[in-house]
Structures are given as C-alpha cells and as structure tokens.
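The data below hold one chain only, encoded as structure tokens and taken in the form predicted on its own.
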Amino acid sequence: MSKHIHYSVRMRASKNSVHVSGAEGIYEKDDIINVVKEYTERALTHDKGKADEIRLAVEELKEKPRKISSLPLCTLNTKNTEAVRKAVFKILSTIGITERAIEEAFTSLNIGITMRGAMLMDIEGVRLEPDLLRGVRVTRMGITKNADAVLSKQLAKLGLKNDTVQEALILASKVHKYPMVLGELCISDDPNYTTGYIASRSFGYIRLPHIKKRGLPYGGRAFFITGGEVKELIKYLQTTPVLIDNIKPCEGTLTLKEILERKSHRKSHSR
C-alpha cells in the first residue's frame, strides 16, 4: 500500500506591496491543480483589489497531520461596536484574561498597522512574539473532505457558507488545540467585512457582528497565552500540520447570557 501523502498549499497576494488576500490548506496530490487555480482566482478578484503579486507555495508534508475536532460555532447578537467590546470583556475575563490585556489587544488591532501574523500576549497584555511588526503566522492546517462536507452543510443552514468563516474556524480550531492559548480576538482587515470573532476552548468560536465600522482597512489577531515555552508554541503554530476531521455543532445567534451559561458545557473541543 502506498503512503498517503499530503501537501500544504499556501497563497499570499499583494497590490502595491500591500496585503490583499491569503489562503491555505492541506490537500492530497490530486487536488493541488484545482486548489492553485482557485487561490489564484481569489487573488485576482478580491474586493480589496486585483493583486499585482501572487506568491504560491506547494510543499509536501513530511509529518503526518494531526487529526482534531473543530471548535463549536455560534454568533453573538451584537448590534454595534460598543456592545461587541462589552461582550468581549465579559466573556474573555471569565477565562482568566485581564481587562488590561483585552484593552491592549483592541488598541493594537485598531491603530492601523496590519501585521502578517498574530500577536502573542500574556494575560496582562505584554507582547511576547519575537517580531512585534510581523507577528506569528499560523500555517499548515486544513480539513478532510468528509468533515468539509459536514461543515459546509451546517454553515449553509445558517447562511454562513463562505471561505471567510470556514477558514477562520479551521485556523482557530488549530490554535486552541494548544494548551498555552487561553483565548483569541480577531478583527478582519477587510474594510467591507465587519464581523470579527473571539475563540477559546471554554466557549468555542463566537462570531461578533459589527466589531468595527465599515470602511476601516485594518485588523488582525491577538492570541492570549499563559505558561509554557513560547518557542514551542510558535513552532506548533507555524509548522505542525493539523487536519480537522470532526465537526462540533454550528449554532445560530445567541445572547450574551446564553453564551456565558454554556461555559461549563464546553470543557474542551478535543476528543
């Protein structure tokens, strides 16, 4: 029997040296040609403009991907940016992240500097990544075909079947498999996409409508971490291949009270 080989396919596109689009996944050999075409078309037709530089990397994985479950997903019924901020503070503070750290994350993500990777913050708000201008990029994650079909069906029922939601969920699910990561705050740098999210093992992946006003071209990710060795975390985020092969429930819109009451039922998204 031949060895089952997987490939990491990564795309990054820019226009006038400004990031326009990015995408990545883990695929089998027979899928590579179609995926490269899909990623290229995305870079050339993005809302932020047609890319004038597209970088594609196709890499055979030497390490067998780890199989994990996705985080459960829901949407918080927020109506404006102030409601989002209050909800984020309430939810993240219950898992040990200080208000100072949360405030620092919001401030850093709203100063207009979009990094290629995520910020690593301790629970007091101190930045820990080696390069404060680049951050840490999460790479080498994907989803199996069977799990993809299940996730697509669940998201379609909620009117959320799009690349943005699915790819962010896959990324967050990889990140929060690592015990050092307590929580995450994400704001898209797409000026036309105003829904962000927070994620944790305790609460899952929570979509946050109206996290920013339309037209603002900045954003990013902040991972709140505690304990352990930062170098090992970065190695996991950047190099360890992970495939989602089990989908946890994707629910509709919930109130803040409903989400806070469910914390005790979400100890872990791992099997």
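Source: prediction; values computed, not measured. Quick note: we count residues from 1 along the sequence shown, nothing fancier.
Just so it is clear, the following notes concern the form predicted in complex with a small molecule, a form of the same protein that is not shown.
Heavy atoms within 4.5 Å of the small molecule in the predicted bound form belong, among the stretches 87-95, 143-151, 195-203, 123-131, to residues of 195-203. With respect to the small molecule in the predicted bound form, the three residues Arg137, Asp190 and Arg207 uniformly fall within 4.5 angstroms at the level of their nearest heavy atom.
Although the partner is absent here, Asn80 lies well away from the small molecule in the predicted bound form, with no heavy atom inside 4.5 Å. In the predicted bound form, at least one heavy atom of Arg116 sits within 4.5 Å of a heavy atom of the small molecule.
Contact annotation for Pro65: none of its heavy atoms lies within 4.5 Å of the small molecule in the predicted bound form. Within this chain, Cys186 lines the site of the small molecule in the predicted bound form, having a heavy atom no more than 4.5 Å away.
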